[in-house]
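First, one chain by itself: the form predicted alone, in C-alpha cells.
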Amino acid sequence: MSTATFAERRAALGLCVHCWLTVLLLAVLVWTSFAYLSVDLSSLFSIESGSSMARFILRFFPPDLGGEFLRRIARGTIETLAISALGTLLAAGAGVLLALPAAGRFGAALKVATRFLLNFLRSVPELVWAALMVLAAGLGPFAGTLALALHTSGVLGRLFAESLENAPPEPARALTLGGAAPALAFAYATLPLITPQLVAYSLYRWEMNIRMATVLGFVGAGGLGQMLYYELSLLHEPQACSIILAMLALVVLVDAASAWIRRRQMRSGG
C-alpha cells in the first residue's frame, strides 16, 4: 500500500468519525429537547388524536362563499396588499438613504452609528414593531405599514450597504478623475451597477412582507390577518377557511408577479 493511499484512507476515516460524532451529538440534542419540553409524539399519532384532528379540519368546510362575506374578503385582500407594498416601498427608500452612510460613504463614525441603527431595526421582529405601532398609532393598517417599514428598513439597508461595498469602484473613479462631481459619479457609475440587486432584494422582501402582513393582523394591524383573528375568536371556521384560501391565493399571485418581474429584469439586463 502506497503512502498516498494510506493517507487518503486515514483522512477518510477521520472524516467518517467526525460525521458520526456530529450525527450523535444532534441526536442527543433532539432527544434532550423533547425530554425537556415534555413533548409526547406518541399521543400526536394516536387514533384518538387523528380522529380529533379530522373533526377539527372538517369544521372548516365548506368555506363561506356568500356574496357579502366575499366582498369583505376582497377589501381585506386589497388592504393587505397595500400594507405590504407601501411598507416595502417606504423601507426601500429608507434603506437606500441609510445604506450610503452604512457603506462608509460619509466617514467611519457615521458608518458605525448607521450600522447600529440597522441592526436595531431588523433585530426587533415585525410582530413586536406592530404591537408598538398599534399602541402608538391605534388599530388599523397604518400600524401594520409602519411595522413592516421599520423592520424591512433594517434588512434592506444592510443588504443595500453590502451591495454598495461590493460594487466595483473603477467606473466611479474614472468619472471622478475626469472632473465629475462625486454625486454625479455615484449616480451615473455606481448606482446603475447595483440597481438590479436593489430591485431584486426589494422584490424578495415584498414577497415576505405579504406573508407577514397577514400575520400582523393578529395584533390589530389590519388586513386579512385581523379578519382571520376575528373569525377564529368567534369559532367561525367556514369564514376562517375562506380567509385562509384568500391568503393563499394572494401569496401565490404575488410570488408569480415578483418572479415575472425578476425574469424581465434579468432579460433586459442581459
Partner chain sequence: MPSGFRPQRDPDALRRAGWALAALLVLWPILRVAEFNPADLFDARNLEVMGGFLGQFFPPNLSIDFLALALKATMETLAMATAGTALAMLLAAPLGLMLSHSLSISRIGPGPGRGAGRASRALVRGVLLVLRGIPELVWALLMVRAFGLGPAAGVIAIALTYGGMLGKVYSEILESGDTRPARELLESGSGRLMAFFYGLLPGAGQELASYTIYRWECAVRASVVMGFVGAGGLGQLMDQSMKMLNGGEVSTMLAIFLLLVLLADAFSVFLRKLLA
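Numbering follows the first chain given and starts at 1. Everything numeric here is computed off the predicted structure, so don't read it as measured data. For the two forms, the rigid core is made up of the largest set of C-alpha atoms that agree within 1.5 Å on superposition.
The same protein has a further form, the form predicted together with the partner chain, not shown here; the description that follows concerns it.
Open item on the list: Whether Val30, Val215 and Val252 jointly form a contact site for the partner chain in the predicted complex is the question; each needs a heavy atom within 4.5 Å.
Closed with: Spot residues vs the partner chain: full contact, yes.
Task: Exercise: Leu37 in contact with the partner chain in the predicted complex, heavy atom 4.5 Å - done: Yes - in the predicted complex, heavy atoms of Leu37 and the partner chain come within 4.5 Å of each other.
Open item on the list: Taking any heavy atom pair closer than or equal to 4.5 Å as contact, tell me whether Val112 reaches the partner chain in the predicted complex.
Closed with: The answer is no: Val112 has no heavy atom within 4.5 Å of the partner chain.
Task: Any non-hydrogen atom of Leu203 within 4.5 angstroms of the partner chain in the predicted complex - done: Flag for Leu203 set to no.
- [ ] Tell me, yes or no, whether Phe56 is in contact with the partner chain in the predicted complex, where a contact means a heavy atom of each within 4.5 Å.
- [x] Contact check for Phe56: yes, within 4.5 Å of the partner chain in the predicted complex.
TODO: Tell me, please, which stretch of 161 to 169, 195 to 203, 123 to 131, 103 to 111 lies within 4.5 angstroms of the partner chain in the predicted complex when heavy atoms are compared?
DONE: Comparing against the partner chain in the predicted complex, the contact stretch is 123 to 131.
Open item on the list: Give me the residue from Leu146, Val96, Ile73, Leu175 that has a heavy atom within 4.5 Å of the partner chain in the predicted complex.
Closed with: Looking at the other structure, the residue within range turns out to be Leu146.
TODO: Give, in sequence order, every residue of 130 to 160 that has a heavy atom within 4.5 Å of the partner chain in the predicted complex, or say none if there are no such residues.
DONE: Residues within 4.5 Å: Ala131, Leu132, Leu135, Ala136, Ala137, Gly138, Pro141, Phe142, Thr145, Leu146.
TODO: Using a rigid core alignment, state whether the CA of Ala180 is displaced by 2 Å or more between the shown form and the other one.
DONE: True for Ala180: a C-alpha shift of 2 Å or more.
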